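Here we start with a single chain on its own, the form predicted on its own, put down as structure tokens.
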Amino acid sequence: MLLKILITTGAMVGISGLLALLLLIAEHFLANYGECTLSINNEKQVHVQGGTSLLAALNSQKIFLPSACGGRGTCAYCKCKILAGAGPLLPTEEPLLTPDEIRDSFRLSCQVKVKQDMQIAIPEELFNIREFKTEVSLIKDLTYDIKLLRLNLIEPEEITFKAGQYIQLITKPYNGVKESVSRAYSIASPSYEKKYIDLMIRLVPEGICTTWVHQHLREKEIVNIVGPMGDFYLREGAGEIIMVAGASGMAPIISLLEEIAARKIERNVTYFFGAVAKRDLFFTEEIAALKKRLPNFQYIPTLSQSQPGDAWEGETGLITQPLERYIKNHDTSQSQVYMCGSPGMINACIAVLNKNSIQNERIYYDPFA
């Protein structure tokens, strides 16, 4: 009986191994698309190896499309027009494209695989996105789960960006993680500082990039970034500027506040920051220093779960509560709103803003989860 079981088990293992081998052979011969040509804006042609996503193929040629999610098909920032060679629209793309975008041949470059020659159209400004070599000059704890990361530029030696924009941080393999990944992080440093950038990175449980930063990255290490990217930046206007952020969403708001101070913009600025408890508040000294440079600035931190030991006398509850009270008691007919935080926070705030007559054309945000 035991012999029969061993023979059966051995046969099953052998069949499984044979099937795996056949799959590898099939993948090699059937999914080997060879060299493909990408025609870009009817002006430039690049040759890439087929079989990868269009986003990865372009990256290999140092042509970078925005991708806040690192190519996972959730942010939809990597949209581009594919005029020929894309194949049928995929179920993973359709929910993230509007009917007009589908009609105009927009696709998600992270989802479309390069299987043949393609004709694509990319906005010219995206060619300004570059890869930078940097050195980690500072890793500092801001809270128990948020670190400040300062990256000094090595090559090129300077970066030019708009306050509010983001970069993609490229990890290195560590422990069981064998491949590099990229994740988007907003720049926290002022736009007039061109020799370095600051990032605020919150630890995400089991997050590949955040675990690398919090547990493995060390000062003096060399890391690469790609950027700058994003259309979250200060717009012209005359009304009040209302800002809303939570956790590491503080990063682009600080950069925007530095921009307002440097340009001596005299508009009223009100900043709502949502935290869980007092231990989650940070950058308080820097914000106090900004208050001295911004006479029309007020800061409204809010705790959703104030602890007994916090001795907290400020705003409490969800950030939408003080935000709505403020809007109802002030003239916001010309106000602009800038937000950065989780998608849930952003959506809740938009609902409150819309209900109180602040429509989407005056709302700007980065919904980084």
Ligand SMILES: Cc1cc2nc3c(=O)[nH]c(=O)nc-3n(C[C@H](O)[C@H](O)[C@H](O)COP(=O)(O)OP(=O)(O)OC[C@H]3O[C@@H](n4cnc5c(N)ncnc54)[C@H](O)[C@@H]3O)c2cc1C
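Numbers follow the displayed sequence, beginning with 1. Because the structure is a prediction, the values reported are computed rather than measured.
There is another form of the same protein, the form predicted together with the ligand; it is not shown, and what comes next is about it.
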Item to complete: Go through 185-193, 278-286, 236-244, 216-224 and give me the stretch that gets within 4.5 Å of the ligand in the predicted bound form, heavy atoms only.
Response: 185-193
Worksheet entry | Listed residue that, although the ligand is not shown, lies within 4.5 Å of it in the predicted bound form (heavy atoms), from I208, L97, L89, A121 | I208
Worksheet entry | the ligand: the contacting residue among L151, C80, M200, I254 in the predicted bound form [heavy atom, 4.5 Å] | M200
Worksheet entry | in the predicted bound form, R72 touching the ligand (heavy atom, 4.5 Å) | yes
Discussion item. Even though the partner isn't displayed, in the predicted bound form is L142 close enough to the ligand, meaning a heavy atom within 4.5 Å?
Written reply: no
Worksheet item: Is the gap between V204 and the ligand in the predicted bound form 4.5 Å or less for some heavy atom pair?
Response: yes
Worksheet item: Within a 4.5 Å heavy atom cut-off, is A68 in contact with the ligand in the predicted bound form?
Response: yes
